[in-house]
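This document opens with one chain alone, in structure tokens, the form predicted alone.
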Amino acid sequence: MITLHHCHESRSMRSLWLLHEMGLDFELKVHNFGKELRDPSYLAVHPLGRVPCLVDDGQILFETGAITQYLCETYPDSRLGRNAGHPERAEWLQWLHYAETMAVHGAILTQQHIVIFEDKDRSPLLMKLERRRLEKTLEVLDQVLADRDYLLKSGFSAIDTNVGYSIHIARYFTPLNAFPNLAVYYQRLSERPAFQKSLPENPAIYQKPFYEVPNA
């Protein structure tokens, strides 16, 4: 039995979305941010006290890229992975890890706009720099998506869940309408039933539809 440890709106949404796309049976354990993740019982599973953490028949994984690759290789019937020898393998791996490059900028912006409570401790300069760095990653995707519906020409795959989550978070900090191909791509992803199932009923982190850089 697969178990996924998850916090709403965190990077574990990638793994939750993928599990729904794959149609696998799993148990979902939703945690609140904070002390719950520092409980010794959870630290015994994930030593950093973070999410996601996936447990499958005693096998424990706690990095979204590793979870994506593991699920696709262990349960290949979904055909959402690209195994060694497949002509799209290299491209699939590239976008799998590119998703994390995007997520780093989203995480810094989330920290600056939301996690840090005191205005005096926030840095508008850092917000501007990270927003621009995030936009550069989106520009690359916008160019790639000019001639395809998904990141691979063959169609939807697991990497669209990883990259799609990073875009989902990016839209809180920069308007997607500046990237027309990307905006259509995100709309296409957000209409998928599995994506909808991975969303919380109530926001856990992002309380606003958009976060402006102060004094921009």
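In this text, residue numbers run from 1 along the sequence as written. Given the structure is predicted, the values throughout are model-derived calculations rather than measurements.
There is another form of this protein, the form predicted together with a small molecule, and it is not shown here; the text below is about that form.
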ask   = With the cut-off set at 4.5 Å between non-hydrogen atoms, does residue 156 touch the small molecule in the model of the complex?
value = no
message = My question is simply whether residue 88 lines the interface with the small molecule in the model of the complex - judged by any non-hydrogen atom within 4.5 Å.
response = no
request  = Report whether the minimum heavy atom distance between residue 50 and the small molecule in the model of the complex is within 4.5 Å.
outcome  = yes
task = Please run the contact check for residue 37 against the small molecule in the model of the complex: heavy atoms, 4.5 angstroms, yes or no?
result = yes
ask   = Which one of 70, 26, 33, 150 is close to the small molecule in the model of the complex, taking close to mean a heavy atom within 4.5 Å?
value = 33
key: 21, 78 and 82 all contacting the small molecule in the model of the complex, non-hydrogen atom within 4.5 Å   = no
